[in-house]
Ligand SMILES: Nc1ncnc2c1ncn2[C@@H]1O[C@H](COP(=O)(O)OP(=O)(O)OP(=O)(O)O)[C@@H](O)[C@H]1O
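Form predicted alone, single chain, as structure tokens, below.
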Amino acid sequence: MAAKQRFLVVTGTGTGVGKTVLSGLLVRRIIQLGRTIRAFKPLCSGGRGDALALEAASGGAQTLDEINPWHFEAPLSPALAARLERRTVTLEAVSAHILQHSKQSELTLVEGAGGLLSPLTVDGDTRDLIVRLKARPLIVASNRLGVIHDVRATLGCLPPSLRSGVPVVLMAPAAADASTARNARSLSEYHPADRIVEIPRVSEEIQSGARSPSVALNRKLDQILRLLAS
């Protein structure tokens, strides 16, 4: 019997929190482990940098247009950027594209745009896409002052059945602040500690694939993958 296809949606507490960095690391790690994966950034606005990063991480297994079929010029939410160009994208179209181009994949990773509730299409956001794909969500946040509120607010917006089990990944910011070393412990008062993973600052060389992640970083990535499989 063929293995059941699994969907993962990488969302976050906002823009610029590290979703693309983590997505690229996970894609490369899964390929390194000999598993099949397809990655998507279905909607980009203000440039296709995130999609290009996923294309590089996939090692040529997917084309840029497969990864990112819709892209818009304005650096706004995809729904608003599309409206400015008088274009319409629906959740049905997004999910159909993902399903069509991931049929042979054991795991499908979809990176959202902005935060969980940022307008994604004319009729929905990343939360709606998670429900439509029956996907496992993964929340990414920048490990800085304010992250406790941001993560709790994002968790509260997820469907109740998904809240307690969702992995939360705290990405190290460019410059740590007084809260950075304490946030994971503080957050564990509101979310299971074994579901919170801290990722250290990732160099540009590692992000691009020019340099391999350390053993310690790979262990963190493997921990995230175990949480998603449980």
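Residue numbers here begin at 1 and follow the sequence given. Here the structure is a predicted model, which means the values were calculated and not measured.
Missing here is the form predicted together with the named molecule; even so, the following discussion is about that form.
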item: Partner contact for E55 in the predicted bound form: the named molecule, 4.5 angstroms, heavy atom; value: no
item: T15 within 4.5 Å of the named molecule in the predicted bound form, heavy atoms; value: yes
item: Residue contact check: A61 to the named molecule in the predicted bound form, 4.5 Å heavy atom; value: no
item: Exercise: Q207 in contact with the named molecule in the predicted bound form, heavy atom 4.5 Å; value: yes
item: One residue of L162, I31, A172, I196 in contact with the named molecule, assessed in the predicted bound form (non-hydrogen atom, 4.5 angstroms); value: A172
item: Segment assignment from 177 to 185, 63 to 71, 31 to 39, 198 to 206: heavy atom within 4.5 Å of the named molecule in the predicted bound form; value: 198 to 206
item: Residues within 4.5 Å of the named molecule in the predicted bound form, restricted to 95 to 119 and counted by heavy atom; value: E111, G114
